[in-house]
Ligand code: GDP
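Shown here is one chain on its own, the form predicted on its own, set out as structure tokens.
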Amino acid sequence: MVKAIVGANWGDEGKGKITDMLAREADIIIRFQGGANAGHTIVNNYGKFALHTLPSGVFYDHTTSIIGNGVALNVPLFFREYQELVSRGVHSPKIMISDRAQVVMPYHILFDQYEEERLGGHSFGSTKSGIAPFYSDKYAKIGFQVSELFDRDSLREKLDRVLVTKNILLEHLYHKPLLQTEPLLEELLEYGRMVSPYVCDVASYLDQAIKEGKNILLEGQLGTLKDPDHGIYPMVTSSSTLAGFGSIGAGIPPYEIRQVIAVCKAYSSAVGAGVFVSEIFGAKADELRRRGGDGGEYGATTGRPRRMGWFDCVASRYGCRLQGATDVAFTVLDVLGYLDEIPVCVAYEIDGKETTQFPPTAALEKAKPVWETLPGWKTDIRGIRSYDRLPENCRRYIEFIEEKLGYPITMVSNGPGREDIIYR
């Protein structure tokens, strides 16, 4: 059976914790899109980790971790992450890398930095990990697949071709040093030597695994509102963040994805620029940020303080719908235990009219939140393992959100650890 674990919002919803938890019963965990531009924070018996490329199931010795063809593979970062795990006592994970995955080139990172610098105050808030230039090249058909890393002559010929256009941009748009073929060629050949033990035909492997009834998890990066088609364009990422893309980014038939777990935070947070209707500021935001997550709400990749907000029912219902959620995992609920009352955004007001539909960006920029306020529960709920033991106001909050979403909340996370979960 194939399950997808995806974000319903802007990312940072706690997908890593849910993947790490469900991986206990899984055979295979697959990253199917994105790159090292976002991270998943994991807390388990080995300690606290921020994973950027490796799937969040690598901590179990019975699992196979796969980098799918849809991933932007930064080879040096991948191996740095791998070595860090092993150095901290984690067993050497079993890794497979799709021969059709493409490589983040050193110049992708440079172009990401140069473009953000050029845009100045109009920048996209990029993590400068090379993701937009990577996917631009992929769809312009000048990217480098992992399978191409093993032929010196072909690589040199292709690099010569590609660098013509890159160097025109560097010279005339960015006014930066030009790229040379030979150093890049040697770097790519070294990438090939690094990945060669792990490269295989992942799609064929997964076809056989599905036929054998293996349990497979697809792990998404970021969330619905960062999808390039359905998100807050243009302040989005460069690969589809939807569960539906899992079939493409992993190489499996779409009908094999039988369960979609959309992860929602009990409040809202976002990293980077873009419209954020339920955002809060000042002392309230600072307090929620300080208490949030495990050690505060800061980006796992950049360390940037996350933008904070109350729960947004409009965005979250839209996010769950686009993901095709069969289940909702409701995370970091324990963080809200300090509040006397909890505002919830239940609708938007746009041009004087109230709506519960999530609009395209042009209309979204005019949206104002419509609030309802629920009573808080004013107690620590960590350690509770059964739903009926939660305080009444806490259950009321969950059930109010569930009704507004229209999708079943089947998991409630009330702490950072694997065991901090309540099944409904």
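Numbering starts at 1 and runs along the sequence shown. Treat the numbers as computed from the prediction; the structure is a model and nothing was measured.
Missing here is the form predicted in complex with guanosine-5'-diphosphate; even so, the following discussion is about that form.
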### Message
Even though the partner isn't displayed, in the predicted complex is Asp334 close enough to guanosine-5'-diphosphate, meaning a heavy atom within 4.5 Å?
### Response
yes
### Message
in the predicted complex, does His108 come within 4.5 Å of guanosine-5'-diphosphate, counting heavy atoms only?
### Response
no
### Query
Does Asn9 reach guanosine-5'-diphosphate in the predicted complex if we count a contact as any heavy atom within 4.5 Å?
no
#### Entry: Heavy atom of Ala26 within 4.5 Å of guanosine-5'-diphosphate in the predicted complex
no
### Query
Just one stretch in 353 to 361, 64 to 72, 366 to 374, 40 to 48 has heavy atoms within 4.5 Å of guanosine-5'-diphosphate in the predicted complex, so which one is it?
40 to 48
### Summary
Residues in 395 to 423 that come within 4.5 Å of guanosine-5'-diphosphate in the predicted complex by at least one heavy atom, in order, are Ser413, Asn414, Gly415, Pro416
